[in-house]
Each structure stands twice: as C-alpha cells, then as structure tokens.
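First comes one chain, alone, set out as structure tokens in the form predicted alone.
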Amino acid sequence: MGEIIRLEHVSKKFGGLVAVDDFSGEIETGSIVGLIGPNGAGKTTLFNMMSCTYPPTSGKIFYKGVDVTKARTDTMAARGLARTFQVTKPFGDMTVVENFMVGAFLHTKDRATARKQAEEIYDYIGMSCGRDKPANETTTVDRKKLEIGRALATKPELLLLDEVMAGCNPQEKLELVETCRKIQKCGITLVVIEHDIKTIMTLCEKIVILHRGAKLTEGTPEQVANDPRAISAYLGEDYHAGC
C-alpha cells in the first residue's frame, strides 16, 4: 500500500546532546509498528519530529509524499497525523465526551456535529466510565482510552501512541491491544512506543529498536527477537530464551 511517512537521515541535537542520530526509515500505510528501546534512546524525540512539535536539526521528513520537515503541528493534525503523550493530560473539569469534542472541533465548528462525533468515539473506544463523567475522575485505563479517543476524534490517518499502556495491569493492556487492532482495521496506521516487550511483540507487525539515538535494528518481531544486537543491547538473554 506504500508508505505514509518517511524519515531521511533525521537527527536532533539539543546543544551538545544528540537525541536522535541519523535516523532513516518508513512506516507502511495500514501497519502497526512498534518503537522500542531503553529510556533516553530518543523514541519520544522521534515522535516529536514526526508530529512537527519541533523540526529536526538535519534530515527530511515526508508525510504522504510531501516534505513536512518544517511544517506546523496544526498543519500536521489537519493532514491526518495525531498523537498521544506519555503523561495523560485530560481537560479534567470537562466530561469524557467533551474531551472528545475538543478533537472533533478540528474539522467542524458546529457543536452538535462535534457532540455527535464524540458520542460515536465514546461507543467505539469501549470505555467503562460514563460518557458524562468528569475526565479527572476516570481510571488509569480509561484515561489512556480518553487520550486515544481524543486523538481519533481528529480523524487521523497516522496515530502515534506514546507509552499508552504504561501503568496498566495485564488485563487492561489486553484491552488496549484490542483497541489498537480495532483502530488498524479502520485503516489507520499506528506507531506505538511501549516498554512491555511481550505486548509490543504480540501487537506489532514490525519493530524498530532505538539505542543511544540511533536505529539499532528493525524487522518482524521474530527477526528482532533473534537479532544478537537487540538481545545484547535491550531484550536480554532471558527474553530470547523465553521466545
């Protein structure tokens, strides 16, 4: 189906710190890709550049064939790229559905239309709380789903999920895995940062490992799990032995 986003020799420096070092790669349309690596490897920095939160120090980024290296975040959102963040930040004094409406207002100014779309997102995402529950009173897993739902309300083609399963128990992680698969079936491409290796290996079709800002390796879950570089730098012998 072709690529939805491509990065060519992208680097990001903060003073003397190289957060991402000469990264190149592409994400195929309709796929689920896992981005893993140790803390400080540059994963979130890569997300920030893909979403144009800030530009790369060098290199180029192409989204749907267009050079977006210097684009604005609102432009990227309008073009169909959405993301979540490591730390959930709901509009706490607003209800769950009102939070979804914030995303829906990207494409409509009509409150009734935004409300209808938000109600549909609520039903689709499968939250356990009431739709009119204040967002700051929701559980951890519902806050995660709220983040996803608010992003979905912008009608993305590419969704970047930054540690969306962090802090969830095993059952809640299974719920979120099924949510991600459901989203993919609707034609949305996903890139997922996650530290739970077994979960990410189960969910994703391709895995990319970052190490010290650079791409260490990439491939199918099986290929990565058997890659000596991945085992040595990140996965460990215990994980490899359990595969």
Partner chain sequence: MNTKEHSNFFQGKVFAILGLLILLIVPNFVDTNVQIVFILILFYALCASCWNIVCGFVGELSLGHAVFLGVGAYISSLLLMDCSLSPWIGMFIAAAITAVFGVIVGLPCFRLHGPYFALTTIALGELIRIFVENNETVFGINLRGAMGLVLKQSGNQFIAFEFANKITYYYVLVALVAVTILVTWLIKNSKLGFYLTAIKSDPDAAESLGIKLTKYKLIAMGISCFLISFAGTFYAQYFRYVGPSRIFSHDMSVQIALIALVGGQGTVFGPLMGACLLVPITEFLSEEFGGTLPGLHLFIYGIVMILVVLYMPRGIFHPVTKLFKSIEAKLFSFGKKSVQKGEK
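Keep in mind the model is a prediction, meaning the values are calculated, not measured. Residue numbers count along the first chain shown, from 1.
Omitted from view is the form predicted together with the partner chain, to which the following refers.
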Is there a non-hydrogen atom of Glu157 within 4.5 angstroms of a non-hydrogen atom of the partner chain in the predicted complex? no
Is Arg111 close enough to touch the partner chain in the predicted complex, meaning at least one heavy atom pair within 4.5 Å? yes
May I ask you to check whether Lys89 falls inside a 4.5 Å heavy atom distance of the partner chain in the predicted complex? yes
Residue contact check: Met94 to the partner chain in the predicted complex, 4.5 Å heavy atom: yes
In the predicted complex, does each residue in the set Asp74, Leu106 and Arg150 place a non-hydrogen atom within 4.5 angstroms of the partner chain? yes
Could you tell me which one of Glu98, Asp142, Glu172, Glu163 places a heavy atom within 4.5 Å of the partner chain in the predicted complex? Glu98
Since the chain is shown here on its own, which stretch among 207-215, 29-37, 180-188, 66-74 would lie within 4.5 Å of the partner chain in the predicted complex, judged by heavy atoms? 66-74
